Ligand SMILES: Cc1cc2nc3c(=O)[nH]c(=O)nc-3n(C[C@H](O)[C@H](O)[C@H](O)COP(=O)(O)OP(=O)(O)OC[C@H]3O[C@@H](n4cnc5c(N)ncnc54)[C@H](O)[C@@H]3O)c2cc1C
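Presented as structure tokens, the chain that follows is alone, the form predicted alone.
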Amino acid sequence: MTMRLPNFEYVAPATVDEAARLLSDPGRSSLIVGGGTDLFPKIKRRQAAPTTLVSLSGVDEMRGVRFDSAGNCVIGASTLLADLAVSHQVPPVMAIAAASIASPQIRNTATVGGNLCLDTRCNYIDMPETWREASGHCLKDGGEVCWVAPRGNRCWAINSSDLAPVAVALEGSVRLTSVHGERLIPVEDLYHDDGIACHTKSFEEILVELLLPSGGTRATYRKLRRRGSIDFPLLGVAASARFDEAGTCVSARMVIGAAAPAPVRATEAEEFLIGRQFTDEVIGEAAGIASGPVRPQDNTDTGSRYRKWMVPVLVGRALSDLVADDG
């Protein structure tokens, strides 16, 4: 079956201010496009129907990596994932996560901002329009029921970003800009635990850059997927920690992705780890604690039970990675 893009206006502003003005125009139904690797398939499936696409590809100020006066690593939202994957300026875990995304061809087009702002995914919504009409529209598609959890009244489509869990684990922030001004918020606050209203930024706001604090944090990312490339994560676990000279954990962050509409902080496991050394027993107990609140749904290409079983496995491997940094 051939799926074609509908007609729309494509504009390519040269500055963030110009892009913001276009997005605020009430006469347009506009969407931002970076690389378009996720958005264009959604438009083909008629999950989105913009009259105007505002491309950020010509906004040079949104590309590249630099350090600000506070020592933060600042990553422009239009930086290609391919460039991020080989950068020696960004935290190594961010490069590793970028390299795990999709394929070389897609990474050469997809952007950092696009991955952070991915729309939520689900087996029932990521289908052609004719399939969705035949099966019945779900909540995210304008229907009255979530086919993943029909007895509930909310959408369980999942956040499948690989960069988001890592950015949350690193205590990163994002800068958002619109005609109404700019604001800097923690990455964690960019996401809302709702498959439909999955982002807290308004449609007029542009994610301009990602800021990551530097120094003293060990971090890792573990990804579960069916194949070794191309696939979105079935689960993703990002973990970071700081240790004193004796090897005792003084702070920890653990974030589980691709299990809910927003990245999930395993706060109880984080608190458990503080004041402890990462022995096999401590890692095993922390992994069990982290998996407790995670409730994967049957909305990807593997069952929810398998993904639930794999949560403590991936958490355990991630925590072991942090200990292995000693070597």
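Residue indices: 1-based, along the sequence shown. From a predicted model like this one, the values you see are computed outputs, not experimental measurements.
If you look for the form predicted in complex with the ligand, you will not find it shown, but the lines that follow are about it.
Peer 1: Just to confirm, with a 4.5 Å cut-off on non-hydrogen atoms, which of Ile289, Ile32, Ile283, Ile43 contacts the ligand in the model of the complex?
Peer 2: Of the listed residues, the single hit is Ile32.
Peer 1: Just one of Lys140, Arg253, Lys223, Arg132 has a heavy atom within 4.5 Å of the ligand in the model of the complex. Which one?
Peer 2: Residue within 4.5 Å of the partner: Lys223.
Peer 1: Does the ligand come within 4.5 Å of any heavy atom of Ala197 in the model of the complex?
Peer 2: Flag for Ala197 set to no.
Peer 1: Is there a heavy atom of Glu270 lying 4.5 Å or less from a heavy atom of the ligand in the model of the complex?
Peer 2: Looking in the model of the complex, residue contacts with the ligand do not include Glu270, since no heavy atom lies within 4.5 Å.
Peer 1: Report yes if any heavy atom of Thr37 sits within 4.5 Å of a heavy atom of the ligand in the model of the complex; otherwise report no.
Peer 2: Yes, Thr37 is a contact residue.
Peer 1: Under a 4.5 Å heavy atom criterion, is Leu81 part of the interface with the ligand in the model of the complex?
Peer 2: Residue-level check for Leu81: yes, a contact with the ligand.
Peer 1: If the criterion is a non-hydrogen atom within 4.5 angstroms, does every one of Ile101, Leu118 and Ser160 touch the ligand in the model of the complex?
Peer 2: Yes, the whole trio is in contact, each within 4.5 Å by some heavy atom.
Peer 1: If contact means any heavy atom within 4.5 Å, which of 107-115, 86-94, 147-155, 235-243 contacts the ligand in the model of the complex?
Peer 2: Among the listed stretches, the partner-contacting one is 107-115.
Peer 1: Taking heavy atoms and a 4.5 Å limit, what residues of 179-207 are near the ligand in the model of the complex?
Peer 2: Result: Lys201, Glu205, Ile206, Leu207.
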